[in-house]
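Shown next as structure tokens: one chain only, the form predicted alone.
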């Protein structure tokens, strides 16, 4: 579980107002991310989030409407973080094979370093994507990764290194699935097969396997 630092130095007025409303909102989302990732939407407590941010339940509802509105904001922030970092990888300036390997390795490393993200996605799947469906922001954010992949793939096909006719969603799903599993199923897989999947060596080896698998899926040779 990631440890999220919260700035509790913000001055809160008696009526619940803050001199830094954007900062308070970010603090609430940071603590709510940890709360929902650990306990799920049903188990997460708004009272606990308020106590840990030195705000109030009333202020949280003022910013987010209700508990589900807060969860939507948490999901939006989680997806925004990964998409923002993806946008800084400069993949368009690299050969297609190198670009796809770098994107795959980034996804694997990010999900293993940000396990709260994986847990939040698992929670949302339990709720059948109901909160993602409410958010136009999340749907817009996730278009970017498909555009990045489409550029890499189209360049690879044009250069004769990628097989034509592969669905971009299939490539994205393969990258996500192989990266996601290493976090979501780590505990059970490690126990059943007596293999520690969390060591630095194990992660490095698995990341290479995942990248090789994705490249072999799309490559001509």
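Residue numbers count along the first chain shown, from 1. Computed from a prediction, not measured in an experiment: that's the story for all the values here. Each form is matched to the other, and the largest set of C-alpha atoms that superpose within 1.5 Å is called the rigid core.
The protein also exists as the form predicted together with a further copy of the same chain; that form is not presented, and the subsequent description refers to it.
Visitor: Based on heavy atom distances of at most 4.5 Å to a further copy of the same chain in the predicted complex, which listed stretch, 23-31, 151-159, 39-47, 56-64, is the contact stretch?
Guide: Only one stretch qualifies here: 39-47.
Visitor: Please tell me which of 80, 89, 133, 97 lies within 4.5 Å of a further copy of the same chain in the predicted complex, judged by heavy atoms.
Guide: The residue from 80, 89, 133, 97 that makes the contact is 133.
Visitor: Is residue 52 close to a further copy of the same chain in the predicted complex, meaning a heavy atom pair under 4.5 Å apart or at it?
Guide: No, residue 52 sits far enough from a further copy of the same chain in the predicted complex that none of its heavy atoms falls within 4.5 Å.
Visitor: Taking a further copy of the same chain as it sits in the predicted complex, is residue 121 in contact with it (heavy atom to heavy atom, 4.5 Å or less)?
Guide: Yes, residue 121 lies within 4.5 Å of a further copy of the same chain in the predicted complex.
Visitor: Would you classify residue 197 as touching a further copy of the same chain in the predicted complex, given a 4.5 Å non-hydrogen atom cut-off?
Guide: Contact with a further copy of the same chain, yes.
Visitor: At the 4.5 Å heavy atom threshold, is residue 125 in contact with a further copy of the same chain in the predicted complex?
Guide: The answer is yes: residue 125 has a heavy atom within 4.5 Å of a further copy of the same chain.
Visitor: Could you list which residues of 177-209 come within 4.5 Å of a further copy of the same chain in the predicted complex, counting heavy atoms only?
Guide: Contacts from 177-209: 177, 178, 180, 181, 182, 184, 185, 186, 187, 188, 189, 191, 192, 193, 194, 195, 197, 205, 206, 209.
Visitor: Rigid core fitted, then: does residue 126 show a CA shift of 2 angstroms or greater between the shown form and the other one?
Guide: After core superposition, the displacement of the residue 126 C-alpha between the shown form and the other one stays below 2 Å, so no.
Visitor: Quick one: core overlaid, is residue 141 moving 2 Å or more at the Cα between the shown form and the other one?
Guide: Where the cores coincide, residue 141 still shows a C-alpha shift between the shown form and the other one that is 2 Å or more.
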